[in-house]
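Form predicted on its own, single chain, as structure tokens, below.
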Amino acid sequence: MSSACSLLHLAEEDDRVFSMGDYEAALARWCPGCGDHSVLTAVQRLLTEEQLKPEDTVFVSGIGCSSRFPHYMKTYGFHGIHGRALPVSTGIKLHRPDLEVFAVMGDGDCVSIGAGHWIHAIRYNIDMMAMLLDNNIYGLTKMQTSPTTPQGTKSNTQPQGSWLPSMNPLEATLGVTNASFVAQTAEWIPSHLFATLKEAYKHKGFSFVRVLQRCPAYLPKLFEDAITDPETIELLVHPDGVEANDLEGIYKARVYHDPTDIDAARRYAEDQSKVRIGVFFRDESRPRYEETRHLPTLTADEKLAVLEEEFDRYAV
């Protein structure tokens, strides 16, 4: 392709306008009523509003129902192994900082086998978004107890009821050094879900969003009270968080919470008397690993020379 043609091609790309259909790939095969459908729609809406180029966008997942997400996005995607969405996402973002990187995980995927990666991803604070789609159960493998399963819930692995208190992902995230954005939303409140994801995308650093979601197959009544009784939900509202003005007539329990106050964020996360949604904490001043590490800038030939020199050390 000639230089003139290349420039013309780039100009044409810059003029593209994307609709939601431009991000839709295969037909989603989740169960009818699964909360994953709502999250998928919200994410496609976010990409449309931000006009993200599909070829510059990557979705990474591990294993679980939610981890089929990359198959349903017409972007680049990587469907990895259990618990490894975050290290793969980290590698992609560090080597291609120009890409928009999203990690999608389930509760078992993130806070069980992936817990070690989760903690260090928070500490590294790389500029990417991580979504924990938390239905409190292992759905793909047919109803086993997960770390976030409420204590006493009966499952196929613990038919007498789960023994341990459930893990609180918000508390855990807020307790890790260098956390910079922590939020919670619910898939059955689509306007709040979208607004929260939008705030997370705008944040410079590691954005962690826990999405409470229904599993109609194995825990259909888990969030029944929160869905049918708006008084059980409390909104955290703030100009630097989620305002949720369109929900005033439905969700009247709300608290004005400054998301720069990490002590208050921890108190709200720990208190389980209400289902709280909103931005718990954000601080863009936290150091980001990609900006603090110091690596030499090498050409391709120089990188090969360094590799050859290293290999020569082990020659026999």
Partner chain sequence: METKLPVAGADVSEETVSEEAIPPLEKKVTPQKLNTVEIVSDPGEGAQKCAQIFGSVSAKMGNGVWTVEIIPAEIQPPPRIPAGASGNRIRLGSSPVTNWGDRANVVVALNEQVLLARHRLNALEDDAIVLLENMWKDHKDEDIRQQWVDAMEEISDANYRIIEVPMEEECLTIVDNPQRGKNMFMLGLLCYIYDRDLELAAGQIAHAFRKKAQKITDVNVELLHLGFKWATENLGFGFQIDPTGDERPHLVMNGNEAIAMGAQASGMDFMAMYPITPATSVSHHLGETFLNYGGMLHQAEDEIAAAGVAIGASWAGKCAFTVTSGPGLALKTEFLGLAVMTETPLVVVDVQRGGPSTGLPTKVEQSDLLAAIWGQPGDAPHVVMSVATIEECFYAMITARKIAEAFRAVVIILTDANLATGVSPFPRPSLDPSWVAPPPDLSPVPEGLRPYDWDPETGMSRRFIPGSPGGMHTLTGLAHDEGSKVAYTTDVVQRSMNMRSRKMAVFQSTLQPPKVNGPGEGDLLVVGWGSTKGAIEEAVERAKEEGLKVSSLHLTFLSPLEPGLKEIFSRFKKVLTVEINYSDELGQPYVTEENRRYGQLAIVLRAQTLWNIDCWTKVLGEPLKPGDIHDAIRQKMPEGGAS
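Here the rigid core means the biggest group of C-alpha atoms that line up within 1.5 Å when the two forms are laid on top of each other. Positions refer to the first chain, counted from 1. Keep in mind the model is a prediction, meaning the values are calculated, not measured.
The protein also exists as the form predicted in complex with its partner chain; that form is not presented, and the subsequent description refers to it.
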Counting only non-hydrogen atoms and a 4.5 angstroms cut-off, does residue 79 reach its partner chain in the predicted bound form?
yes
4.5 Å heavy atom contact, residue 268 to its partner chain in the predicted bound form:
no
With a cut-off of 4.5 Å between heavy atoms, is residue 152 one of the residues that contacts its partner chain in the predicted bound form?
no
Spell out, yes or no, whether the shortest heavy atom distance between residue 88 and its partner chain in the predicted bound form is within 4.5 Å.
yes
In the predicted bound form, does every one of 32, 224 and 274 come within 4.5 Å of its partner chain, counting any heavy atom?
no
One stretch from 36-44, 279-287, 54-62, 258-266 that, in the predicted bound form, holds residues within 4.5 Å of its partner chain by heavy atom:
54-62
Residues within 4.5 Å of its partner chain in the predicted bound form, restricted to 94-120 and counted by heavy atom
94, 95, 96, 99, 116, 117, 120
Aligning on the rigid core, do we see the C-alpha of residue 20 shift 2 angstroms or more between the shown form and the other one?
no
